[in-house]
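Quick heads-up: it's one chain on its own, the form predicted on its own, in structure tokens.
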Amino acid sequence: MVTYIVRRFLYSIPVLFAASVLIFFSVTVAGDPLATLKQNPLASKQTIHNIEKRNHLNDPITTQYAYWLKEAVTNKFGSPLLQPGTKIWDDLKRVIPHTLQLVVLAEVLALLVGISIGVYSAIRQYSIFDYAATTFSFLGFAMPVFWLALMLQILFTNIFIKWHVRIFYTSGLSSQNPGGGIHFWIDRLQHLAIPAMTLMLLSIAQYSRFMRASMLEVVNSDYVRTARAKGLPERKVTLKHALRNALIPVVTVSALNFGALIGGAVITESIFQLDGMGPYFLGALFNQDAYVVMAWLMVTATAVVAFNLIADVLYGYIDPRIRYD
């Protein structure tokens, strides 16, 4: 198993290198990162020259990439283009945990609920529950995330206005005085509940459909019929023999979803005014800071690769035969 993990980890290194090349060249060829600054009459030519010299913007693009990669590896992405006194990694260290709290909460709950719905729908195929779950999943696939976020925000705002009951907060990460210890985390959960609910409901629709389809394929396989023929209880057949093999496609989807949501929760975080990677990325775009945008994209790409590596390891745990492929 250790050899399998090491091999998968080594495969990830050239993937990250290729991602860094694509990210740098695609952002660089998009335009001059100092175009807006050069149009500002208050910006002196000397200031612009210093920025270009510090970031090697007049060098060939391959040389620029080499310097950027060196900064990314040795200096944690260096400094923003227009703010040399600050560090990009300091900002990323602040926003990444906030996004992780949201994504992990949403995805763990979505996996638990989605897998349960998918398994029960497959076992009770064509039942009322199955039809209801199918209808819900179609609605979930079709529902825009910004619309769902706004509807939930309006719902809980109206509950507070009408009944003066504060169930969940509709914006921000924490109250002005959240306290410490358990009180801090209760307050944080109250702030993250609606954003997590937004992401969770959409993910449940996806996971339940994949789980149902996978379970229907597995429950009709020969080894499951053999387990039933041996007289094993249906609960044991479902949970021990069918569920474990049916989880493999769901592991793939959830790993991709986890990684994508690290950088993909931009709309949700912006609507609820969370100090996460989404607003940080939008701020970098607004300021046209190419170096911050590239750092954000590289962190997102690393998250996708990391969760794919976790999925590969889970494959080996769920199905030992995969370790030797």
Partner chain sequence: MTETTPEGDVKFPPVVGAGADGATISPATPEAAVVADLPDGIDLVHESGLELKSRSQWAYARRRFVRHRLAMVSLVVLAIILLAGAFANLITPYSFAAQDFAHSGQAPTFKAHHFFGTDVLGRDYFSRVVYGIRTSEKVALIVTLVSTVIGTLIGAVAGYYSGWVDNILMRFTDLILTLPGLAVLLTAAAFIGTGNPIRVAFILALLFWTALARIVRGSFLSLREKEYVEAAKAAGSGDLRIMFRHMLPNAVGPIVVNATLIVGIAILTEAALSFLGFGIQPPNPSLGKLINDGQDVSSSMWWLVTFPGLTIVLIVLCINFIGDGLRDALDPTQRRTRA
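These figures come from a predicted structure and were not determined experimentally. Numbering follows the first chain given and starts at 1.
Just so you know, the form predicted in complex with the partner chain exists too; it's not on screen, but the next bit is about it.
Of the candidates A43, L285, L69, I51, L285 is the one whose heavy atoms come within 4.5 Å of the partner chain in the predicted bound form; the others do not. Contact annotation for F141: at least one heavy atom lies within 4.5 Å of the partner chain in the predicted bound form. In the predicted bound form, the partner chain lies within 4.5 Å of some heavy atom of A301.
Taking the partner from elsewhere, L10 is found to have every heavy atom lying beyond 4.5 Å of the partner chain in the predicted bound form.
Proximity of M151 to the partner chain in the predicted bound form: non-hydrogen atoms within 4.5 Å are present. The stretch that touches the partner chain in the predicted bound form, counting heavy atoms within 4.5 Å, is 132-140, out of 104-112, 165-173, 132-140, 180-188. No member of the trio N75, Y120 and L274 reaches the partner chain in the predicted bound form with any non-hydrogen atom inside 4.5 Å.
Contact residues in stretch 188-214 (any heavy atom within 4.5 Å of the partner chain, taken in the predicted bound form) are Q206, R209, F210.
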